[in-house]
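A lone chain, given as structure tokens: the form predicted alone.
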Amino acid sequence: MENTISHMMPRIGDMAPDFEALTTIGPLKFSNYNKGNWVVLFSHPADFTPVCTTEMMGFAKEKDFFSAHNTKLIGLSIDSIHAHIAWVNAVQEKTGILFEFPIIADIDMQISKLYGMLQPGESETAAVRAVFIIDPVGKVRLIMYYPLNVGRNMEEIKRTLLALQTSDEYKCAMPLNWQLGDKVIIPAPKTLEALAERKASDLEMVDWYLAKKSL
């Protein structure tokens, strides 16, 4: 089972597997939801569990950030649609926070298997905490996996989304701990002529192959 799931797991650069699912906002075809938008697809082990509740609240609180950056959210767990609705309702009643993004009811575990979210060494009946960042053409650009007992870092999810979007726009790379507004790394020269141009430029050069600039 483990080998099969590992084989099926999407990799960075793969097209995100398409699926149709029942969600808290109704039936949904992922490729239609994704089209023209970035998507953060994330799984949680179970409804009505403490760590998952804090994470889902974290995503809900950041809805304006994700909306401002052309990004849709979609959650998943191996629970029924009725459990999802009851959980969403309970959290709203207790905290005032509404999970407006769709949550996939994956009770037959088909989507969890499709995305490698079931990892038998951790659990055979609960999806690990996976995060997939998928670009507007449907390509998987970033994958994070967390165990069942460790909550994610929302600031890191936001940071990496901004890094991917900035990299796409400016054709650059990001150094360690990059934040929006920091200098970026530009591609290394591939010819002696390009090297000479770089040496004569006003770039911040650590070495010929490592040069930074402000955007």
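Everything numeric in this text was worked out from a predicted model, so none of it was measured. In this text, residue numbers run from 1 along the sequence as written.
Another form exists, predicted in complex with benzoic acid; not displayed. Remarks below refer to it.
Contact check for residue 129: a non-hydrogen atom falls within 4.5 Å of benzoic acid in the predicted complex. The closest heavy atom approach of residue 49 to benzoic acid in the predicted complex falls within 4.5 Å. With a 4.5 Å cutoff on heavy atoms, residue 148 counts as touching benzoic acid in the predicted complex. Partner contact region in the predicted complex: 41-49, out of 41-49, 181-189, 58-66, 158-166, criterion any non-hydrogen atom within 4.5 Å of benzoic acid. Contact annotation for 169-207: no residue has a non-hydrogen atom within 4.5 angstroms of benzoic acid in the predicted complex.
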